[in-house]
Each structure stands twice: as structure tokens, then as C-alpha cells.
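This text opens with one protein chain seen in two forms, each one given by itself as C-alpha cells under the names structure 1 and structure 2.
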Structure 1
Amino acid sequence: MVQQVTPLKIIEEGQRLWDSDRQPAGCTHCHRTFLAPDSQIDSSCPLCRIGHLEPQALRINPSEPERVLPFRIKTEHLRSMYTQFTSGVWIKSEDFTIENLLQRTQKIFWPLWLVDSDVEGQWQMEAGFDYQVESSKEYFQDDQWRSRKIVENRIRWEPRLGGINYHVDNVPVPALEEHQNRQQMTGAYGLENAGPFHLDQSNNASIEAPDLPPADAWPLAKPQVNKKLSQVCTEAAGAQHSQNFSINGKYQNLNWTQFLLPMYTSYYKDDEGTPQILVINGETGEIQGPRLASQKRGWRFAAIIGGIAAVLLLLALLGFLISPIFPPASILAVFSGIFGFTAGIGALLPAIWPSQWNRKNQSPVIIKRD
């Protein structure tokens, strides 16, 4: 039995939440939804950077989030992080600059669900108990046989079953359909560093709204609740390990609240003018996103170097032609030919390097939603 304690409600367009300037808004392009401060309305979507945020009605849990992981990475740290991220990209698009990344950086919190549940039922499992076995091993040394004691750690498995009436508190589960991709972009968070939510912690950040409602998230939550119950039952049995845990029970008084995780986003435009999104973990500073070289600029550099090579080779040819009349011209022709040939070979490098770099530097990208 599943009973949802905190139902979702319709928050109308323009309605404010939590006695603040937070209002529901959605992106006109990717259709992600947010609780955005007034200052963010009509600004670019922090996740797709194509559409903009506009007020819209939203069906959400209207209560404040329960817990939040604060930003440990401050905005003043971003310059050095962007500098390191862009280093190594020899030929970047003209838009791929540190100043652009800094100017376009936005704060965002993305959600997890925290699930509470009362559980009553019958459980069974195989409980594992650590024990040690002492034996000896014979070996030959110094012309005689010797014995060495060996202690092995083993696990004894025994069936256990029983009843349980327990309250499980704050089990984190996905609140976004793209949770796996988002986790790949941000890397791991230290959830143990979180604290109670206070509105002033969110500052000017947009808060992404869950798009995975509790009814759809419960199949993901139930195994995590059972994992917690397995740990409780293992401890109650005095065991150190457990396997094949199962429970036949009722899950009642489910309560769904939100856990907010911090991240920054920024972007640059590639050769085609498409925004390439960068995501920075607001706790650890891990940064992910495309780090693309510019093929167009590579070709442009190749054309310039190729043009210089052509001029040098032409001068070499002219030098050889006039050398019978003016012998010193042959020396200049030789050097001009060498430099022209070298420049011609060098022109291939900027033409080839960007595509090679882009193939070798694949990275996770945020899901594009049209």
C-alpha cells in the first residue's frame, strides 16, 4: 500500500511561493521547468541556452525543499577553473573565451526526492557472520621444512526472518527523468554535507522543478527503501553482511520532500552558432562539457599559411629563373623554396588538428530536449 502524504498542487502563472519572489517558469525551447526569481524571468534557459524562461503554471509540491547542499565553489573560483578547462584547445572558436564563460555563468539547483515511509511487514534474508579459520602452510627454507600460521577471514551464511515495524527517513531518489545524465555531468556529491534549506541560500539561483512525480519515482524509491531496511535487519540480527533480502510489507505515510544539489552552467557557441553547455559541480568544482576546437578557424589558418607558402614558392621559382642573369638570386631562391615547402606542410596542421582533437576529446553532454 502506498499513500502519498504531500500531494502535488497546481501553482498558477505568476503565483509566488514561500513568501518570496519565486514563481513557476518554463523554458520555451526545452520545456524544463523552474522556480525562478523575478530577475530570471525572460532570461535564457540555464540548461539549453536557446529558449528563455517565461511564467507558466506548474504542478509541483508547494512546500519548501527540506535539505540543500550549499555552493562550496564560489564565483571567484571560476576564472581559474575556466582557464584550466580551455587550456590545451589550440584553435578555439572565437566565442570560446574565458570572459564569455564567466559572463554567461548561471547558478542552478537541481532536485532529488527525499522519501520517508512507515514500513510494516515480514522480511527474510541470508545473514552473513564473519569468522576466522586458522591453518598452517609448510615451506622449505634453510635446508629444512618450516611452518607458517595462516588466518583466513570467512563468512558463514545463515537464513534469518522476522517482522519489522520501522520508519525510514530521507531516502534520496531521482526527481528528474534525466537524472543519470545529470549525475554523469556533475559527478558525485557529498550528500552528508547537506543542511536544512533556507531561502537565502538559493540567492539568485534558479531551482529546477522535478519532472518525475512521486507516483513515477516510487518504483525507483522502493529498492532504496528496502536497502535501508536490509541494513536495519542485518544490524538487528547481529550480522555483518546480508544477501537475498526480501520483504512482504506495507509502505504507508509516504512523505516526499526535495533535496537540492548545486551546480553552475555556462556555454560558448561552436562554429555553427550552437550553444555548447558546460556544467560545474557547485560542491566539488568538477567541470564537464564539450571542449571543441574550431574547424572553421583551422581552415582559415591553413589558408593563410598556405597562401604564404605559395608566395614563397613563387619567389623561389622567380629566383631560379633570374639566377643566370643575377647569380645571388639562386641562394635566395633555395631559402625561399625551403621555407615555402615547410610552410606548405605546416598548413596541413591547422586544417587537420581540430577534427583530430574533437574525436579524441569526447565528454558527457547535457541532454538536448527540443
Structure 2
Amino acid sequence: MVQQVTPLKIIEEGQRLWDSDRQPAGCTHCHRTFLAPDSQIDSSCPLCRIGHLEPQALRINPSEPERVLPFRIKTEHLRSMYTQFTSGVWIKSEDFTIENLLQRTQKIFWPLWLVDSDVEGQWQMEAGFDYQVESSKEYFQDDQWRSRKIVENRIRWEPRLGGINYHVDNVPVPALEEHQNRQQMTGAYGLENAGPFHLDQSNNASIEAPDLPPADAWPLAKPQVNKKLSQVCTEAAGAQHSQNFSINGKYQNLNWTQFLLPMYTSYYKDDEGTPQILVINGETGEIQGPRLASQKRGWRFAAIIGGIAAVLLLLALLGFLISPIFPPASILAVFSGIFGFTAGIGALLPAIWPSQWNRKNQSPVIIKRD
């Protein structure tokens, strides 16, 4: 049984929040919603980089986020990260440069829900208790036995059950429909490093608004709350491990607040001019996104090298033709032929390499929403 407390309210278009210049805004292309400062209204969407942000009404928890994980990766660290990221891509699109990536970098906080709940009910589980057993290894050499004791750690599983009347605080649960993809892009965060939210921490950063309302997030939240409860019950039983935890209880006084996680985004344009989004975890610096080689530039290189090869082969042919009347031309013909043939083969490399690279280096991409 769940007693929901819905914290959502409609914030009208242009209405400011938290005594700041932040207002609800949505992307004209991907329709993601943000709490953006005035300076970012009408600028490009920090996530899809196709549409732009326009003020719009939003149904959201109007109170300030409860906790935030600050940016540990500073903007000055990004150059070396981008350098490492782009190294190895031999034929990049002209737009795929470190300077472009740096220039286009934006800070974003993306949301999790923090759920508080009073839980009353009955639980049961198999509690695991660590214990040690003594074993031995016997050695026989030179007609003598030697013995070595070995201590092994084992877990003894015993049934435990009981009642619980407990307040669970700040259980992080998804607040975005694309949470799984976002987590795949950013990698893990050390949530224990989070602190209370202060507005000044979010300067120049967009704050993405939750699009998964509490009612829809509860099925995802419940297992997380139960996981927390299993840890509490394991501790209560004096055990070190638990398995097959189940609880039959009432979840009351649910309280939903926001938890903000830091990330950077940037992009480069591929051959078709489509923005390819890169995501950097603002805490760990883990960087994800497509590292595409440019097929177009590959063809261009191939054409240039192929052209040189054709000229050299033509020279070789000419040399052979005039060699009966001018014998030294045969030497020129041989060398031209060899170089021309080698260049012809070499022209295949830039033509083939980009597609091979792009096939081998597939990485997760941020969900494109049209």
C-alpha cells in the first residue's frame, strides 16, 4: 500500500523560480525541459544541439533541489580529456577539433528523485553470517610430513524475519525516462560525495527538469527503498549479508525531492552536418559519445592519392613508349611505375579506413528525440 504525496505544481511560462532568473523552458526539437537562466533562453538546446530553448509552462516540483553533486572536473581539465578522446581518429571531420569541442562545452545538472518514506510491515530474508573454518595442506618431502593451516572464510545462511517501523530517507531513484541511457553515457557517480543544494552552485549550468512524475517513478523507486530496508534489516540482525529479502508493508508519507548530478556536453558535426553529442561525467571525467571518422574526407584523400598514382602511371607508360628512342627514359618509367602502383594501392587506405573505424568504435550515444 502506498500513500503518495504529489509535489508537482504547474509553473507558468515566464514565471521565475527560487528567487532567481531561472524559468521553465523546453527545446523546440527534442522537447526536453530545463530550468534555464535568462541568458540561455533562445540559445541552442544543451542536449540535442539542434533546437533552441523557449519559455514554456512546466509541471514540476517548485521547491529547490535537496542535494547536489558538485562539478569536480573543471573546464580547464577538459582540453586534455578532449585531446585524449580525439587521438586515434586519423581522418576526422573538419568540425571535429579540440577547439570546437571546448568552445561548445556546456554544463548541465540532470535530475534524480530522492524519496523519503515511512515503512511499516513485516520482512523476511536469509541472513548471511561470516565465519571462518580451519583447513590444512599437508606436504610430504624427504620422508617427512609438514602441515600448514589454512583459514577459509565462509557464509552461514539462516532465516530471519521480523517487523519494521522505519523512516527511509533520501533513496535515489530515476527522474528521467531516459535515465538508463543517461547513466550509460555518464557512468557511475559517487553519490556519497553529494551535499546540500545552493543556487550559486548552478551558475551557468542548465538544470534539466524531471520528465518522470513520482507516480510513474514509484515502481522504480520501490525496489530501491526495499534494498535500503534490506540493508537496515541485515544490520539489525547482526548479519553481514542478505539474500531473498521480501517485505510486506505500507509505504507512507512519501516525499519526493530532487538530486542533481553534474555533466558536461559538447558536440561536433559529422559529414552530414548532424551534431554528435559528447557527454562528460562532471565528477569522474568519464567521456562518452561517438568518435566518428569522416568518410567524406577519406574519399577526398583517396581521390588525391589516386590522382597522383594515375599521373605517375601515365608517366611510366610514356617512359616505356619513348625508351626505344631514348633509353634512359626506361629508368624513369620503372620508378614512375613502382611509385604509381604503390600510390594506387595506398589510395585505398583512406577510402576504406573511416568505415572500418566507425564500425569498430561504436559507443553509446545520447538518445535522439525528434
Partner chain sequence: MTEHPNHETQIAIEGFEQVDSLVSGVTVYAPKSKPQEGEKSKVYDCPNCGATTAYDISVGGIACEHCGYISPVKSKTLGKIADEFEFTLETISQAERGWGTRRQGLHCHVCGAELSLPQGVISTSCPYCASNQVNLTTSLEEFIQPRFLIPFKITIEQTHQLSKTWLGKGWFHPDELTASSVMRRFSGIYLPFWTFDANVTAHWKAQIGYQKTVRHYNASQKRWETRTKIEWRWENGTVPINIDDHLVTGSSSQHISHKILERIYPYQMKDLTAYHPDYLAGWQAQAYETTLTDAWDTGKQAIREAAREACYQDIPTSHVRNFSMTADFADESWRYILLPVYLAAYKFQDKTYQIMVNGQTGLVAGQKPVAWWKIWLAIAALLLPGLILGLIGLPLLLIGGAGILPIGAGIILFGIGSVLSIMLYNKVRQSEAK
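Just so we're on the same page, residue numbers count up from 1 along structure 1's sequence. None of the values given here were measured: they were computed from a predicted structure. Throughout, rigid core stands for the largest set of C-alpha atoms superposing within 1.5 Å between the two forms.
Participant: Which of the two shown corresponds to the form predicted together with its partner chain?
Facilitator: Number 2 is right.
Participant: Relative to the superposed rigid core, does G128 relocate between the two structures - that is, does its Cα move 2 Å or more?
Facilitator: Yes, the C-alpha moves 2 Å or more.
Participant: Could you check whether the CA atom of Q103 moves 2 Å or more between the two structures, using the rigid core for the fit?
Facilitator: The answer is no, as the C-alpha of Q103 shifts between the two structures by less than 2 Å after core alignment.
Participant: Taking the rigid core as the reference frame, is the Cα of T284 displaced by 2 Å or more between the two structures?
Facilitator: No, the C-alpha moves less than 2 Å.
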